[in-house]
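First, one chain by itself: the form predicted on its own, in structure tokens.
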């Protein structure tokens, strides 16, 4: 019983397909996003209290929602950015859900993924959003600037466009530094440096990349988790980049199905949860090697990957898990959604002992 336990605290069934859920910062509430069978968008706010989950607000919009983030919002305003099935990027004030306070036709096709930085006191510099779409384009937005992105990363002339499945901010440790990692359906992972506006690194992990996440956005790049189809995930050590070999990494088999997501614990960056297409949750701890870099025969530094240990695993659903979000405020509290149209609030114990 010394190990962490993953406990289902409460669950709630809904009448739409769930794609994303996020905790509202500094509250016991979370937002769930999805789409109704009639093709409209569902946005609902729930509150966790006394062992139950109650819906406190809802809005139905004309277009289905795919993803959302608070990452570019201030803690005072707590404005929620969403990406929808028609490629629209919108920002909502949760007090008045009638109309978005910001709206831009971000992409030609569905926005698969969104991330934010510079808000919530996380990451130096301006608040920014990044979106990735089926149209193969990754765009960076400043919510204070209407309509036009501040950066666009798209395939060059004659290159085939790949479906972008995941985007993540990182390296935002100073007001100038910032990067975006993007993962694609063909296994490509690309790291864009927003300071020099250049492609800093790319690799291919041979399977579609479902999720990328840095263990922390607001420090010098430390680790990047990448989950893929064919039941595999990778962890890259991002501290040392070799000129030809790139970053050192480890690969691990998990879930016996697609690994949909990896989510690092906000209170401990070396602990993370992976979520599977078979409805399972796996809790991992990363251990660093004794030396994180070594010199090769030419005297050039290259990184050394660590190892991961499976702390606990549990199967909660028969359907794939579509989203998972750790509470930033309460250690071990999380919300997760699956394609069985159920929202689950989960408590993971003993995380403070790891």
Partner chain sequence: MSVPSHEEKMLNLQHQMRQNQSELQSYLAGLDDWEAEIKEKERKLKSSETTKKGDLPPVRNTIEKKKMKKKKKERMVDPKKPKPISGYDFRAWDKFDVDKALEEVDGSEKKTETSSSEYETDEEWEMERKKHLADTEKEKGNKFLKNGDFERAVEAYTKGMEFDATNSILPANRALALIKQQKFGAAELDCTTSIVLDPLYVKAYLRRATARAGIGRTQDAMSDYQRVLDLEPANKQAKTELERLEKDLSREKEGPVQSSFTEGQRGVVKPVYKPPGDRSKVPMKRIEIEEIGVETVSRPQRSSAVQSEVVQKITAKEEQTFASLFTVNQSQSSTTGQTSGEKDELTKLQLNTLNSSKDHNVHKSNGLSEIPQSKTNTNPSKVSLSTTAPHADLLEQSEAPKTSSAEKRVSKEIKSQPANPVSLSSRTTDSEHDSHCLPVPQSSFQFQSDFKLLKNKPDQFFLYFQAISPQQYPKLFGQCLDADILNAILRSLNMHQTRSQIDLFEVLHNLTLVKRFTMTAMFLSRKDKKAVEDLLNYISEEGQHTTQEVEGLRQKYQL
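This structure is a prediction, so every number in the text was calculated from the model and none was measured. Residue numbers count along the first chain shown, from 1.
Separately, the form predicted together with its partner chain exists; it is not shown, and the next lines address it.
If you check its partner chain in the predicted bound form, you find a heavy atom from every one of 9, 128 and 347 within 4.5 Å.
Of the candidates 254, 91, 229, 151, 151 is the one whose heavy atoms come within 4.5 Å of its partner chain in the predicted bound form; the others do not.
Distance criterion of 4.5 Å from any heavy atom to its partner chain in the predicted bound form singles out 76 from the list 244, 198, 160, 76. Contact annotation: its partner chain lies within 4.5 Å of heavy atoms from the stretch 48-56 in the predicted bound form, the single such stretch among 303-311, 317-325, 48-56, 289-297.
A residue is said to contact a partner when one of its heavy atoms sits within 4.5 Å of a partner heavy atom; residue 209 fails this definition for its partner chain in the predicted bound form, lying far away. For the chain shown alone, residue 218 is not a contact residue for its partner chain in the predicted bound form, no non-hydrogen atom being within 4.5 angstroms. With a 4.5 Å cutoff on heavy atoms, residue 285 does not count as touching its partner chain in the predicted bound form; it lies far away. Though the partner is left out of this view, residue 108 does not reach within 4.5 Å of its partner chain in the predicted bound form, counting heavy atoms only. Shown here without its partner chain, the chain has 327, 329, 330, 331, 332, 333 in 305-337 lying with a heavy atom within 4.5 Å of that partner in the predicted bound form.
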